[in-house]
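Only one chain is included here, represented as structure tokens and corresponding to the form predicted alone.
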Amino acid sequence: MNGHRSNGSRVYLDHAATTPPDPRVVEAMLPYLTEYFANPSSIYVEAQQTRRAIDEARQTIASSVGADPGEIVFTAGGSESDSLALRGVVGASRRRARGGAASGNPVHIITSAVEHHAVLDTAEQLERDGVAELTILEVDREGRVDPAAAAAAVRDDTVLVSVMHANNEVGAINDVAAIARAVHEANPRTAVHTDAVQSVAHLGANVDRLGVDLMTFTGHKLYGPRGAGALYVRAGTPLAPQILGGSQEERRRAGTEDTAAIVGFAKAIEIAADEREADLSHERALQQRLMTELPQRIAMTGITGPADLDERLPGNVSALIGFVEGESILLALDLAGFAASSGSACTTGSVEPSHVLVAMGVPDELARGSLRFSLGRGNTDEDVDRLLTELPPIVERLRALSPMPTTEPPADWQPWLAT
């Protein structure tokens, strides 16, 4: 999708949302969409071929994160894995407290204010249902959780702490290993979950080095297929299944496995490991250039998230542009041939500021001017050149239509803007 619109192509800058499937992944999947289609739970020869493919994929994926194959539960994606982690631990912990019968008392869970909605919405629903009490941790100005704050929130009845490894909007990388150590020291019975959907693709994630008990990751963030996710569950961690009706995944997640998607997931994670250093070097070079030059080209603009690239997801560039709505910029960029995203979400006809930016302290009005560019393997210097050329006049045109003044930003905006 790279190149200039004049030759019929577009520039894709939304790899944090999903990545284009690698042709090698598609090639690996094809036989399991055509010839090897049998249900892997059956006993005949054709079924055993698909079962072997799943077993081999599970081994590959487990090895990539330092897990045993039996600790990998295949799901339909990151959101399901997050939900299974939270609901599964809460459900199993309540039953364990009463020797198999669900306890009437809620358990305690902890998460952060900047989690993906798959975690936040699930945690809040568990609280509304009366099965869990929820503590939400604040974050610093760059979007990170303090390990000491996580440990301080742990109680005797805390069954789960869920803190993401790297934030999908602003790229902030949490010190999950320090968080896990602090939590386990405060209460050894507390399980630690991390959503590593973004970090497995870019940084790799070893479950023992991170010290976590559960970890979410998925295929479509690393040039694999959508519909293939995984939840790592450390042996001995209590987990109640949420989808019933079959013995698949050792009775932790019922449903006939998508053999093709799982095979593609394994191939993608294998390629990601082999090409990680080249990917990092390429994406960080483009990222550094965009983070540096964007505020130079557009007045009243700032970069959110960590300034240190070692503390930020490779390829992630999140920006605030004053006196203009992010959604309006995205529509204009789309017409100009760019695919990007905003930290805002359209709901009921109005644009709400990103919960991540608000948690970091960004003023609501400024947060509505957020953009996220996430670069990938296929992006080039020419893509960055073109964006830096075409975005400034788009912003200028939109600001000219705005009823807001564009000469002096409000005082509470100024700490967030480079110029």
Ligand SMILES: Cc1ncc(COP(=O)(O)O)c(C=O)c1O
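Note that the structure is a prediction, hence the values are computed from the model and not measured. Don't overthink the numbering: it's just position in the shown sequence, from 1.
Not on display, but discussed next: the form predicted together with the named molecule.
In summary, among the residues 116, 267, 94, 144, the only one with a non-hydrogen atom within 4.5 Å of the named molecule in the predicted bound form is 116. Note on contacts: among 287, 342, 174, 79, the single residue with a heavy atom within 4.5 Å of the named molecule in the predicted bound form is 79.
With respect to the named molecule in the predicted bound form, the three residues 85, 190 and 213 uniformly fall beyond 4.5 angstroms at the level of their nearest heavy atom.
The partner is not drawn, yet in the predicted bound form one stretch among 304 to 312, 193 to 201, 236 to 244, 124 to 132 has residues with heavy atoms inside 4.5 Å of the named molecule: 193 to 201. When the named molecule is considered in the predicted bound form, residue 16 lines it closely, a heavy atom lying within 4.5 Å. At the 4.5 Å threshold, heavy atoms of residue 220 reach the named molecule in the predicted bound form. When contacts are judged by a 4.5 Å heavy atom cut-off, residue 168 counts as touching the named molecule in the predicted bound form. Taking the partner from the other structure, the named molecule in the predicted bound form has no heavy atom within 4.5 Å of any heavy atom of residue 317.
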